[in-house]
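What follows is a pair of forms of the same protein chain, given separately as structure tokens and numbered structure 1 and structure 2.
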Structure 1
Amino acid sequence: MRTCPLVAVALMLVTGVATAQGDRGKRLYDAHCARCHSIGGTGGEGPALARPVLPRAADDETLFDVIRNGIEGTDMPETWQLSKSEIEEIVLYVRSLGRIEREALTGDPERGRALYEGRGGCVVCHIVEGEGGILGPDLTNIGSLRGTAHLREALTDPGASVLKGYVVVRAIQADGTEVTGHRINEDSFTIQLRDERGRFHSLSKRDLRELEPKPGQSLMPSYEKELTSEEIEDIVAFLAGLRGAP
């Protein structure tokens, strides 16, 4: 069947407009959102966006509102500096991320679970569905929140992307006693830390000789030399499948 030349030109114009909008949306996303959500929306400090359903933004209107006003009680800020049309272009781009094919996993999730609960010792520090330790983040829904690249990095270079609430601080008291742990809370007079054994410390700043944040460090050990690359992929596959309650 032959296509009318006028129709063909119209289709080319519509396609060109859509492509230009997508390009602008990507540029705006890369400039304002990728630092937390990563290029391509695979997740990093912020949740992964490259998925068909966004738990906090079921439709475009809600997604627009989330981008414009942020999410109270989270690290998602408002974007007062963006115009209505710019946010709409970001919404279109973010929705397009959910239509891409899911990344293929090379690991075996069941072997990953065995490593997580056994030799890897992850269950000692992390909770999954109410079971496990409290030193590290709850991983019950980690597969929905983070992409596989972030999960892989967390296993091999855990200090590369430390989540808020897990910043490592080293405190030296007046008697020379040293405490290193996650900063749980802090005000003008005191600081509360949880050390690598899970012990809670509330320290008076007046009694400290030194208080030093340790950016780029994590209490979680690197598994890069402890596990083979295949075993790391197995754990990544297991973690990627943790998506909380349906």
Structure 2
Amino acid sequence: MRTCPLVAVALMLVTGVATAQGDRGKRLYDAHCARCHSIGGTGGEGPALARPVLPRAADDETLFDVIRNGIEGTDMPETWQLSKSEIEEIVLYVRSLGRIEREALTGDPERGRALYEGRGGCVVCHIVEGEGGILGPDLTNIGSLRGTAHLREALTDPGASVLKGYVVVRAIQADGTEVTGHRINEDSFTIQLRDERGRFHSLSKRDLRELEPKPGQSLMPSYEKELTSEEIEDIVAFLAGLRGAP
């Protein structure tokens, strides 16, 4: 993938701040938090943390509690194995990420909105403030949840980081019927898929001839060749401004 100079600058800033805060917090963060929140807190499977206000953690004490106890009903786990002082170091580091100057956006959000609703066809699969299709994730709040690097990657290489619930699976039934769709849920005996038309399929694994997860694939097309890099930056600028719900 091409390197964006802005991303490089942002990473340098992150590194600089980390050193100022001491390496320990960063090391702990990279080891325990970065898998979901990404190096530098730009967001991935978990929300971006490199922002001044964290909706679930208004102050350091709440952030400590969130790290210690996790968030019920989400994938944020409790971290009972970390000591009090280790969590405090992580809190300091996460707060430092929020003070990093935000990456300047080169795109035009209004042109981005036009592309989103028009030629890009994004609205067919995504909801923003209640309007749009349901095949992809709701983007109402995406600017708060994900950093710009993640948004750019999602447009050019949508298979690079597929969210839980959007993993593509191909199943071939005993009679040869094929279903490809998002894996909505799965256990050791059954799997639930939603196909590209939004229909649910409940399949018993015993009855399947083949079940093939396709990691690194997405039902979303890549826009790398469909749009110019300027147009992609326009959409990134539009998405980065979507901060609808708190």
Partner chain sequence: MTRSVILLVTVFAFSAMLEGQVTYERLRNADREPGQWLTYSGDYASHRFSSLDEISRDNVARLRPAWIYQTQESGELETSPLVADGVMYLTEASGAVVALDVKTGRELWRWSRPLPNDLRTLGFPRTNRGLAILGETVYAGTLDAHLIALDAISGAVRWDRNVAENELGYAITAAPLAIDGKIIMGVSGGEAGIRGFLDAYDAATGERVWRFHTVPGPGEPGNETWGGDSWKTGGGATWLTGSYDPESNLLIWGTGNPAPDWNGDSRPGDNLYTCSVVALHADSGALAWFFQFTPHDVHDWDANQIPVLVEEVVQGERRKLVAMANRNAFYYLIDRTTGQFLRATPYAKQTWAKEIDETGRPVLLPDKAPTEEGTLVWPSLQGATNWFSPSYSPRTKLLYVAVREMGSYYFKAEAEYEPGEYFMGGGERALRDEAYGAIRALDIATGETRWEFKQLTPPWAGVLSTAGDLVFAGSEEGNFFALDATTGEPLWQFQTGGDVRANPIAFEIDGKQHIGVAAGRAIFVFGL
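Since this is a predicted model, take the numbers as computed values, not measurements. By convention here, residues take numbers in order along the sequence of structure 1, the first being 1. Between two forms, the rigid core is defined as the largest C-alpha subset superposing within 1.5 Å.
Shown first, as structure 1, is the form predicted alone. In the core-superposed comparison between structure 1 and structure 2, the C-alpha atom of residue 66 has shifted by less than 2 angstroms. Fitting the two forms on the rigid core leaves the C-alpha of residue 220 displaced by under 2 angstroms between structure 1 and structure 2.
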